[in-house]
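In the form predicted alone, a lone chain appears below as structure tokens.
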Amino acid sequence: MNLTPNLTSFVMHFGEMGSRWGFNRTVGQMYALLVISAEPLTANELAETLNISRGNVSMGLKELQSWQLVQVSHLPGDRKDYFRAIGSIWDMAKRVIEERRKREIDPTLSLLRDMLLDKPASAQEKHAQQRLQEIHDLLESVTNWTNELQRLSPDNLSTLLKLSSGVGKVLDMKDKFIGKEERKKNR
């Protein structure tokens, strides 16, 4: 597969983004290539296009399969495995969010719950537990919010994102209005 300079730039950048999402740069590049490819690709095609070893491709594909981001298919009379990205871009975003929650947020919440069950032995521990409770509550709220977002269809999620850009303005107006009402009461 020959990539144009623009597509090469995208694949390289996606690799860098992948490292921030929880998988390594090469896996991110492989996934980007599968996302932009009109046809499924073999492991050899991935290795040749990205100039990486076949072993690296094999390990990367296993990781992408564990994240449920790629699917294997076969062609009649061909023994090779062909790989393609699964679903829409919204599906990919949901999967990455879900996997990051499982790998990062859930273990942290579990640790915090265990720590909060212990009775504080000192004022210092009591203060620390109050702060841990705040962290727990924030993570729990973010988790509940993302779970609700995960249930939305791509169309509804897109609509919500468009609507939410105006929420800040509405809240600012509310604060100004309440502020004026409070000042009137205090006169």
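Nothing here was measured: the structure is a model prediction, and the numbers come from that model. So that there is no doubt, residue numbering starts at 1 and follows the sequence shown.
The next section is about a form of this same protein that is not shown, the form predicted in complex with the DNA.
Asker: Would you mind picking the one in I135, A128, I36, I52 that has a heavy atom within 4.5 Å of the DNA in the predicted complex?
Answerer: Exactly one listed residue reaches within 4.5 Å, namely I52.
Asker: By the heavy atom within 4.5 Å rule, which residue out of D91, E99, D81, D106 makes contact with the DNA in the predicted complex?
Answerer: By the 4.5 Å heavy-atom cutoff, the listed residue in contact is D81.
Asker: Test of understanding: in the predicted complex, would K62 fall inside 4.5 Å of the DNA by heavy atoms?
Answerer: Result yes; K62 sits at the interface with the DNA in the predicted complex.
Asker: Given that the partner is absent here, does N56 sit within 4.5 Å of the DNA in the predicted complex, heavy atoms only?
Answerer: N56 belongs to the contact set for the DNA.
Asker: Taking any heavy atom pair closer than or equal to 4.5 Å as contact, tell me whether R25 reaches the DNA in the predicted complex.
Answerer: Although the DNA is absent here, R25 would touch it in the predicted complex, with heavy atoms inside 4.5 Å.
Asker: Work out which of the listed stretches, 117 to 125, 139 to 147, 152 to 160, 25 to 33, brings a heavy atom within 4.5 angstroms of the DNA in the predicted complex.
Answerer: Result of the contact check: 25 to 33.
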